[in-house]
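The chain below stands alone and is given in structure tokens; this is the form predicted on its own.
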Amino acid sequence: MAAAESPSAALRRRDLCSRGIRLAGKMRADVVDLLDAYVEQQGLDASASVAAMEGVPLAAVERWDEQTGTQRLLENLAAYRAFRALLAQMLEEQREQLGEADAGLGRALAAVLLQVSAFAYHLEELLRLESRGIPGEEGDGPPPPPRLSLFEQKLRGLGVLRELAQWAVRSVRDLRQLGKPSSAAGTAPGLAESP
């Protein structure tokens, strides 16, 4: 049984979760806007199907209600670290392909990259509050991708942005669960842990 949480720690955790929910909501809105611009600029069909790609974290999770708060935070952190690397790679590819021809898309990608980095730091803060060690970054990012054709890069970018938008939704759900007054990050699954 986990030790009782002090009122100040519970209040801090709820505050961090509330701020994280706002950050994730803003990030999702910006990613959706970026996705629209990306599809248009890259000449893609918005309804194009993109298969799961290596290195892109999937937001779907089996048995979500069985995860502890700590498991949720760790999965979120690993995902946002991977997205940080993927977005940086997309930004570099964008610069190589277009140079300054479409600076607006590059600025939007850079802005979302900053939001992803800030959110990853926010998750680290929550993990510190829960007295959990912060896992190192080695191995968290995707492996160096194979050289992709221009079209494959465009499709991978579409997949990255779609999945990032889904992760933002999942993160809001995870943080709402973690921010509940009766919830403690390390409690056994099932105790105040339903979606």
Partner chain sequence: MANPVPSACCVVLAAVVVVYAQRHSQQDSHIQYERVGADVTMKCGSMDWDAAVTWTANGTDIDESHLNGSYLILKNVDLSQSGQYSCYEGSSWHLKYQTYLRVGTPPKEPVLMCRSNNYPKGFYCSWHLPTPTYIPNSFNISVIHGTKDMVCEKDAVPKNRCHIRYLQLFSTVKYKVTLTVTNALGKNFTTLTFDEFAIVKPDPPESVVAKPVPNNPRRLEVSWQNPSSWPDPESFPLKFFLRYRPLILDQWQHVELSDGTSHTITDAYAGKEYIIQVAAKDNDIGTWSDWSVAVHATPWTEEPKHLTTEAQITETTSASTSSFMAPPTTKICDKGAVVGSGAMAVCWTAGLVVAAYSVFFI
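Numbering follows the first chain given and starts at 1. Predicted, not measured: the structure shown is a model, and the values here were computed from it.
The form predicted together with the partner chain is left out here; the points below concern that form.
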key: is_contact(residue 129, the partner chain) in the predicted complex, heavy atom dist at most 4.5 Å   = no
query = Hey, in the predicted complex, does residue 28 get a heavy atom within 4.5 angstroms of the partner chain?
reply = yes
query = Is there a heavy atom of residue 134 lying 4.5 Å or less from a heavy atom of the partner chain in the predicted complex?
reply = no
query = Taking 4.5 angstroms as the cut-off for heavy atoms, does residue 19 touch the partner chain in the predicted complex?
reply = no
query = Each of 162, 169 and 177 near the partner chain in the predicted complex, meaning some heavy atom within 4.5 Å?
reply = yes
query = Mind listing which residues of 56-90 have a heavy atom within 4.5 Å of the partner chain in the predicted complex?
reply = 59, 60, 61, 62, 63, 64
